[in-house]
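Shown below, as structure tokens, is a lone chain in the form predicted alone; questions about how it binds or moves come after it.
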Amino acid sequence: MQLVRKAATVSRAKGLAAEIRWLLGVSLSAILLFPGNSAAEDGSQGAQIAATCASCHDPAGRGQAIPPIVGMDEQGIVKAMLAFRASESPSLVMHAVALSLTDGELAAMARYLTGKANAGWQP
């Protein structure tokens, strides 16, 4: 019974990962179609992924229900995402997000967010 439940959870997470990958693609398309956005100006992969993160995480760091990611260091962001990917941290949505990103994409996103924070970026 537990194996069936775990398989259903993995299947759901993979479905969410596919939807999130699609959302990332749509977001990237929108960024490329509508230049003038700071993420598009930056043109980096990390900026594009981070723009998607901002749809749930309040860029001003004021989120109560969804923890802020502003102010986290690069290794902390990568470590948290790897924990979500390995189901060590409980969040089906973040598990799916982590599954949808490659190691390189996670690193690029973390590097972008940390770089912006270190540069005094105020969303």
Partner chain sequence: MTDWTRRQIGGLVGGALLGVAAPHIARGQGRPRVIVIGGGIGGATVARYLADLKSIDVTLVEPNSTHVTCFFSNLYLAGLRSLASLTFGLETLAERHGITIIRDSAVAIDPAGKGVELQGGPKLSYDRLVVAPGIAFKFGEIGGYDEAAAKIMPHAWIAGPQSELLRRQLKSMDDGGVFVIAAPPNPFRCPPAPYERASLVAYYFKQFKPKSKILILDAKDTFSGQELFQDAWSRHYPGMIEWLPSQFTGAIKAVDVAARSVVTEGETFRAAVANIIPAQKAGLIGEKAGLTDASGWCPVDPVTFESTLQPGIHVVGDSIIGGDMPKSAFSANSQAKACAFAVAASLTGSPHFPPHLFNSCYTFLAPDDAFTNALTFASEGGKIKTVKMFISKVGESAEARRRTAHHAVGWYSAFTADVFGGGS
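Residue numbers count along the first chain shown, from 1. This structure is a prediction, so every number in the text was calculated from the model and none was measured.
Quick note: we don't show the form predicted together with the partner chain, though the next part is all about it.
- The shortest heavy atom separation between Ser100 and the partner chain in the predicted complex is within 4.5 Å.
- Taking the partner from elsewhere, Val78 is found to have every heavy atom lying beyond 4.5 Å of the partner chain in the predicted complex.
- For Asp73, no non-hydrogen atom is located within 4.5 Å of the partner chain in the predicted complex, even though that partner is not displayed.
- Taking the partner from elsewhere, Ala86 is found to have every heavy atom lying beyond 4.5 Å of the partner chain in the predicted complex.
- Along 89-113, these residues reach a heavy atom to within 4.5 Å of the partner chain in the predicted complex: Leu92, Val93, His95, Ala96, Val97, Leu99, Ser100, Leu101, Glu105.
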